[in-house]
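Only one chain is shown below, in structure tokens, and it's the form predicted alone.
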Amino acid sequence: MFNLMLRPLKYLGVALLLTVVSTLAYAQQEIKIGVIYPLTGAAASTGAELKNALELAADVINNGAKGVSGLPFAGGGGLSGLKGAKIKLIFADHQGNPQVGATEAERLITQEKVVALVGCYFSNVTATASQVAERYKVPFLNPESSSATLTQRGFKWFFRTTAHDDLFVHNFFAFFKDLEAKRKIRVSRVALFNENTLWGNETTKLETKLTSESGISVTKAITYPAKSTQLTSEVQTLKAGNPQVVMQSSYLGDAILAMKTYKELGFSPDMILANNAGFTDTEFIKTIGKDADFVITREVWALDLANRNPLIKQVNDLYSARYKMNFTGNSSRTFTGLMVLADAINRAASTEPEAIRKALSETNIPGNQLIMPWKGVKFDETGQNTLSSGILVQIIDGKYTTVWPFDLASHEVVWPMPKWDQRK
């Protein structure tokens, strides 16, 4: 009889042991997320910064962040909705090549079995890689690519946290109006100088449309081959057009080359108004030093906005302590992108693609939980975050300083840029 009574207890003990083992195994589970960025080639330094931002975000989620309050997951412990499962990032290098990006997306999905993808900085690579994700029905979170058409394709599995070029370029023209109203400076002649991939070409179209609507004449409109090794003839053409402002879209290598060529040829417009990318990469100022001063570029993040949002400084301090540099608009967006994706996976409490997609579509993160100066993150039916926004910063004494919107500005706009031979 005693033995008979022990048998149910034995089976119960086995069942409990199996449950504990199962729970522990689940608690140790790694959530694999594929990330696709330019880790080699002309934009390798940018890719390295984005990789750093992603690794910091994963570390915050998995292990917490001391001294940071108000940021989701700052307490660490992994994803509570999945019993403490940890984020594991699987990196892939697209080399700046759209076809390589597509191939790597397929490899990450079919071989690495990732539950979602993050990438790809270059808009033209994001376009091809996200097509693969759409075909396989895997969520794709895009933190930085700004080509407006990316969210106009009717995709179900694509989500973008950053604002896009339609907003950013409109901001340029709103800035022109505010500049005239506040400083009596009227911009009437601009030149367009953009690289010729998806991002640059779409920007040129929109800038052409808005200059026409604003009564601003375009003295020259030049698209040049991305990754150019010389821009002498293009800059000579720009100079001949005598614009007040050059509106420029360039990745890092081209941005540096353009600035060096401007100086060599003595080309000094009143202002260079840049469309982010290479002009906000850490290597830009590091490479050309004081010659970077006075350029204005559109941005989404600036350290001087920390007086309005303490999270900006708290998380930037983590990044700076680890990597000996500050966030940029690029790396801060990438950090935010992974945090948003992790939030969705956590709420989904599942690694099933459809559950993650549904959770992403229901995202509603308030601005005070972000390091971005946005109202929050909330996606519309196209996958576009409707609460993101942009600012303009000017490089002053080697630092990016917010100058627009004027009510957020920490420094008045320096206009015009000093001529090359008048700089100290």
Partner chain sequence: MTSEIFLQTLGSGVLIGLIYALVAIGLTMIFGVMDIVNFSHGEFLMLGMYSTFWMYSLYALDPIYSLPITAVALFVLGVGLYQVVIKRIIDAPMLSQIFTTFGLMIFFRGLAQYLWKPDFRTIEKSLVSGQTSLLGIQLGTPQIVAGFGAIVITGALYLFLTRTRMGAALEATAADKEAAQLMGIDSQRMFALAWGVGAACAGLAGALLSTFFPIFPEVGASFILIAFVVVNLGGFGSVTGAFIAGVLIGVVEVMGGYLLGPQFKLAIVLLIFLAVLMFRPQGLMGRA
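Residue numbers count along the first chain shown, from 1. Remember, predicted model here, so these are calculated numbers, not experimental data.
The next section is about a form of this same protein that is not shown, the form predicted together with the partner chain.
- Not one of T351, P353 and N364 is positioned with any heavy atom within 4.5 Å of the partner chain in the predicted bound form.
- Screening T110, S217, S228, T149 for any heavy atom within 4.5 Å of the partner chain in the predicted bound form leaves a single hit, S228.
- Of the residues given (R183, K137, K177, K260), K260 alone sits with a heavy atom within 4.5 Å of the partner chain in the predicted bound form.
- Contact with the partner chain in the predicted bound form, judged as any non-hydrogen atom within 4.5 angstroms, is confined among 149-157, 234-242, 74-82, 330-338 to 234-242.
- In the predicted bound form, the partner chain sits beyond 4.5 Å of every heavy atom of L206.
- The shortest heavy atom separation between L265 and the partner chain in the predicted bound form is within 4.5 Å.
- Although the partner is absent from this view, L252 contacts the partner chain in the predicted bound form, with a non-hydrogen atom inside 4.5 angstroms.
- In the predicted bound form, the partner chain sits within 4.5 Å of a heavy atom of T287.
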